[in-house]
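Shown here is one chain on its own, the form predicted alone, set out as structure tokens.
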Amino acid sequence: MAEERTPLQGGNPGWAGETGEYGHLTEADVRGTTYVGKRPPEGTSPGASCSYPYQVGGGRPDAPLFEGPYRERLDKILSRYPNRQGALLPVLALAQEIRGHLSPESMAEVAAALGLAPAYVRGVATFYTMYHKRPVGEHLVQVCTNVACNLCGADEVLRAFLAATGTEPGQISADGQYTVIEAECLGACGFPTAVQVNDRYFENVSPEAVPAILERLAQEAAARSSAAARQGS
């Protein structure tokens, strides 16, 4: 007797896959947004404060580092490590969350905050690809082009994102909303082509699905902007 399986949802909105007996779950259930809620800038417990998402939009290059609630989160991070060198990766992540990318000036400020040599901090930050050394768009679109995704049309998906945003790899779109780059592997080989937009995954992406994904991102950005405007009024 053939095994019953949940059909794969090609071109899905970014969360469905082989959900099996859990096919009744909503996107919010799968992503965890129904119980994670809004993360306070000062962090929660010291352990959780070390692992905040930092591939997020909204950073300001001129924002002060490690002041106010961010100083409180920095102190929580430092409390989890036996020395300042051990805390470097989450502190770099915090700086990127605040400013959107890690400029040489930001790396120097991190070095000063941790009492480390600026050259050492810069060497670590430039080693890892998840730290942005130059500004990126509000939405960082990473298209996996490794083996599994490549065999399933990743190159075509990459070209579709570049064409739809009017950019070359690594460029910021004219409206400031998008930067599209290749990713070596996103760890979602079972659902190619995998695409990561900031801290969110989109699975089984085809070139035909690209316009709908970008439209969804634009609508969500407009909704956030409207909500912020209402709060400020």
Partner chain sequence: MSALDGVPGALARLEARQALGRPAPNAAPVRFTLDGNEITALPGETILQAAARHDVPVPHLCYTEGLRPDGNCRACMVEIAGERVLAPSCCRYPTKGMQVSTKSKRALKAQKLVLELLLTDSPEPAPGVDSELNRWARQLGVSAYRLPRRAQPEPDLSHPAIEVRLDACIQCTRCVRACREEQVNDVIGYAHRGSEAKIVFDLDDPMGLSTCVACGECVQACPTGALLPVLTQAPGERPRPERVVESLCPYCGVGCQTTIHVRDDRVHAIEGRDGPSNLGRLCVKGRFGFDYVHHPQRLLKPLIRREGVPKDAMQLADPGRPLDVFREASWEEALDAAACGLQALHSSHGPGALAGFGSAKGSNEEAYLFQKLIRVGFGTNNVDHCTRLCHASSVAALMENVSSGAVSNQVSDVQYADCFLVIGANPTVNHPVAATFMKNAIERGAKLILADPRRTELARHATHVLQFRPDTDVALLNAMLHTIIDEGLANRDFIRDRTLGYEALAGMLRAYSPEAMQHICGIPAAEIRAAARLYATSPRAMIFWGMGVSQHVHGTDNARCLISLALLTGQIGRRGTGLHPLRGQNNVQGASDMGLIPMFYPDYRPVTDPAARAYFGELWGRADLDPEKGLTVVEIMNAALKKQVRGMYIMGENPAMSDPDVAHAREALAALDFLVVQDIFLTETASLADVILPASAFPEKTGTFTNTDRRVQLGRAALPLPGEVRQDLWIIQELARRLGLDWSHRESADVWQEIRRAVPSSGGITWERLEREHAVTYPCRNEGDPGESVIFTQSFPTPTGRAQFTPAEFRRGDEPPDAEYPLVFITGRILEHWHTGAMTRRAGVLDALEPLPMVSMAPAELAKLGLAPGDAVTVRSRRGSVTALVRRDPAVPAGSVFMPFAYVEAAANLLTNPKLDPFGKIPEFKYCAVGVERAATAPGVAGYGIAAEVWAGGEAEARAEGPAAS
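Positions refer to the first chain, counted from 1. Computed from a prediction, not measured in an experiment: that's the story for all the values here.
FYI, the form predicted together with the partner chain isn't displayed, but the following is about it.
Visitor: Even though the partner chain is not shown here, does Ala117 get within 4.5 Å of it in the model of the complex, heavy atoms only?
Guide: Contact with the partner chain, yes.
Visitor: Does Pro135 reach the partner chain in the model of the complex if we count a contact as any heavy atom within 4.5 Å?
Guide: Heavy-atom contact with the partner chain at 4.5 Å: absent for Pro135.
Visitor: Does any heavy atom of Ala112 come within 4.5 Å of a heavy atom of the partner chain in the model of the complex?
Guide: Because no heavy atom of Ala112 falls inside 4.5 Å of the partner chain in the model of the complex, the answer is no.
Visitor: Using 4.5 Å between non-hydrogen atoms, is His101 touching the partner chain in the model of the complex?
Guide: So His101 does not count as contacting the partner chain.
Visitor: Along 185 to 222, which positions have a non-hydrogen atom within 4.5 Å of the partner chain in the model of the complex?
Guide: Heavy-atom contacts to the partner chain in the model of the complex: nothing from 185 to 222.
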